[in-house]
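Below, in structure tokens: the form predicted alone, a single chain.
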């Protein structure tokens, strides 16, 4: 399906202006279901190999409310947050860059009534659809493995979508400045340490004092705090901070990406 096909896609009643772009992505990716599965399997394999395999060596962790949980219960919500991050980032970085620089999809899109903001919203909406699938599937796996100890875990999937919104918006904004595939090494350089050191595998208290401030400033840490609090029922005011942080990051990324698309495509 080419970008010019967007001209003949009928807009559904009540649909947003960005919806034709979402439909276009669904049609293109419907045969590439393997890509979606691999993005979900990576954090799941981390959970099974590190969480289950090392649990007997590590022991239990004490939550802020005084309850003790197993190491696997401690790691699982962090893997949920990482799964949402991966799902949103793949489409809003590599996918957007290829369509922007090589396929020239968005040049054709702007020949339709869609505007640069619609392009940004459409791509982010599709990325959130992917993050939602990952989140729901992962929460189901957690429940099946007995890693959920609170009914608040029902909100873990929407929380993961919020994480996807934050990373999707920020990733798409950064992608508009990428000049070649080599520039994505910078994103990998940021994502991998953040995945390993965002209180994913051990508590924040294990870090040196100054390092704790650095960790708390990362978006994945905020996502981990949110998902871990909901899945274990250990609620706290820091979760409200996490929601505000993630909303602000995603909104800022969406605004910046919209303006950058306008600068790049309407010049």
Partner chain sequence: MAPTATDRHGPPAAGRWRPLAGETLTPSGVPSATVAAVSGLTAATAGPEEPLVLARGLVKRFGDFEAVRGIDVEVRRGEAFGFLGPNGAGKTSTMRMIAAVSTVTGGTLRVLGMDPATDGPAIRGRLGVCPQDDTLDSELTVRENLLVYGRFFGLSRAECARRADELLGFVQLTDKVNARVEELSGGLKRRLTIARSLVNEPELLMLDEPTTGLDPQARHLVWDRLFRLKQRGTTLLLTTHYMDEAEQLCDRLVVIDDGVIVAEGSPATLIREHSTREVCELRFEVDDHEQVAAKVSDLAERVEVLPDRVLLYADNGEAVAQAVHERGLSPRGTLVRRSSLEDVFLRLTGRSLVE
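Numbering follows the first chain given and starts at 1. Since the structure is predicted, the reported quantities are computational estimates derived from the model, not experimental observations.
Note that the form predicted together with the partner chain isn't included here; everything after this is about it.
Colleague: Out of 166 to 174, 99 to 107, 69 to 77, 189 to 197, where are the residues with a heavy atom within 4.5 Å of the partner chain in the predicted complex?
Modeller: In short, 99 to 107.
Colleague: When the partner chain is placed as it is in the predicted complex, are 91, 243 and 247 each within 4.5 Å of it, taking any non-hydrogen atom of the residue?
Modeller: Not a single residue of the candidate spot has a heavy atom within 4.5 Å of the partner chain in the predicted complex.
Colleague: Using 4.5 Å between non-hydrogen atoms, is residue 257 touching the partner chain in the predicted complex?
Modeller: Outside the cut-off, so no.
Colleague: Can you work out whether residue 132 and the partner chain are in contact in the predicted complex, taking contact to mean some heavy atom pair no more than 4.5 Å apart?
Modeller: Residue 132: no, not in contact with the partner chain in the predicted complex.
Colleague: Report yes if any heavy atom of residue 178 sits within 4.5 Å of a heavy atom of the partner chain in the predicted complex; otherwise report no.
Modeller: Looking in the predicted complex, residue contacts with the partner chain do not include residue 178, since no heavy atom lies within 4.5 Å.
Colleague: Does any part of residue 154 reach within 4.5 Å of the partner chain in the predicted complex? Heavy atoms only, please.
Modeller: Residue 154 lies outside the contact set for the partner chain.
Colleague: Taking heavy atoms and a 4.5 Å limit, what residues of 108 to 132 are near the partner chain in the predicted complex?
Modeller: Stretch hits, in order: 108, 109, 110, 111, 112, 113, 114, 115.
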